[in-house]
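First, one chain by itself in structure tokens, the form predicted alone.
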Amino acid sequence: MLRRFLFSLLTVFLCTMLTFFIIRVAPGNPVKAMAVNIMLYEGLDEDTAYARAKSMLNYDPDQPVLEAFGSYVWNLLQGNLGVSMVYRQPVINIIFDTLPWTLLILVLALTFSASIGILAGLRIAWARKRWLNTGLNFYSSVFGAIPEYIVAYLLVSFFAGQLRIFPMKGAYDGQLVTPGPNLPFILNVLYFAILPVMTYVVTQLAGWVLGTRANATNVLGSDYTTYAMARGLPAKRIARTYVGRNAILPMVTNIVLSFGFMFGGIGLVEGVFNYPGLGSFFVGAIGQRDYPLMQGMFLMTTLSVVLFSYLAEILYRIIDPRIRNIRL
């Protein structure tokens, strides 16, 4: 496990380094863009406007890249992610303010999609009905090929725009409820989260059903399941004890892995609903060339994927005794 942990740290460092250099070489310079605006609205000359823009953004594009990277890593080791160019706030504060909203969406979406998908996959594998498999394949072909943000646009257009059942944007109604640990606020937050959560449930449900069905089908064809049927054990016991437990086992680690990958791809979905989560600020940072915020968001994405991948391996070694003694 120590080897796997060191490999995870190396992965985080390499991703951080690549992100830093890619951002620096990408087209667009926030200092020049601000300097142009200063020249237009304040009538200053180019050099003065450029110097003021560097001072306002606290960023020097003329600093050598290696020197800038060394400063960034040194600040990172001290827990300093820099200050956002656009919001004029420490990046770490923005992350802490937006992270709870993103976690709310991901936890609810993963809970519903995984629970429904696993139960449905077990049922389809056990029933062995052709029309169920045909319907599942059709559903998977349609929604598996549509990006999540397209589904988000369809849901918000129909349920919020046409039917006006759910709100189009935001996380809660500030005029209706008072933020805090009170029931009206909690219910209002859950009401606003329905469409973002539904987006993930619609797009990921088929994957959970297909994965569980495949696992359950393999278990049904195993020798110990055949022996249990030959012994005349009750069907419910076979379905629950033999098929269910063994088919769900690999899906438990998939839940942990899915959480990490969902964390990295939530930006466009939150952007559609103007949801004040981590991903929405991530997309905004990219559009506005907010380098410190971009780097902080990329770092959070990398850490989430690496961390949950590492946790998935640990969890699988705990719940599956067959690989408990295998060295990683």
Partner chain sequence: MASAAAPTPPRTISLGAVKRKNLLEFARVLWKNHQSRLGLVILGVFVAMAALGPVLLQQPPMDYLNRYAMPSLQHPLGTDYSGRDTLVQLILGAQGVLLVALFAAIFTVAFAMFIGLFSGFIGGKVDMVLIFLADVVLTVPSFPVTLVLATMIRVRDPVSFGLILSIWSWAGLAKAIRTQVLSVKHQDFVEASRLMGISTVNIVTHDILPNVLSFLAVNFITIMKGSILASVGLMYLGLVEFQGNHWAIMITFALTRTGMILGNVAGLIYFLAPTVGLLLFQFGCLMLSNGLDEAFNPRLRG
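Residue numbers count along the first chain shown, from 1. Note that this is a predicted model, so its numbers are computed, not measured. Under this definition, the rigid core comprises the largest set of C-alpha atoms superposing within 1.5 Å between the forms.
Only in words, not in the display: the form predicted together with its partner chain, which the text now covers.
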Proximity to its partner chain in the model of the complex (heavy atom, within 4.5 Å), stretch among 201-209, 77-85, 138-146, 181-189 = 138-146
ask   = Though only this chain appears here, would V156 touch its partner chain in the model of the complex if you measure heavy atom gaps against 4.5 Å?
value = yes
task = Look up in the model of the complex whether I286 has a non-hydrogen atom within 4.5 angstroms of its partner chain, and give yes or no.
result = yes
inquiry  = Taking its partner chain as it sits in the model of the complex, is F7 in contact with it (heavy atom to heavy atom, 4.5 Å or less)?
reply    = yes
task = Would you check, heavy atoms only and a 4.5 Å threshold, whether L18 touches its partner chain in the model of the complex?
result = yes
ask   = Which of M229, I116, I194, I150 has a heavy atom within 4.5 Å of its partner chain in the model of the complex?
value = I150
task = For the heavy atom contacts within 4.5 Å of its partner chain in the model of the complex, list the residues of 270-302 involved, in sequence order.
result = V272, F282, V283, I286, R289, M294, F298, T301, T302
message = Using a rigid core superposition, assess whether T19 undergoes a CA shift of 2 Å or more between this form and the one not shown.
response = yes
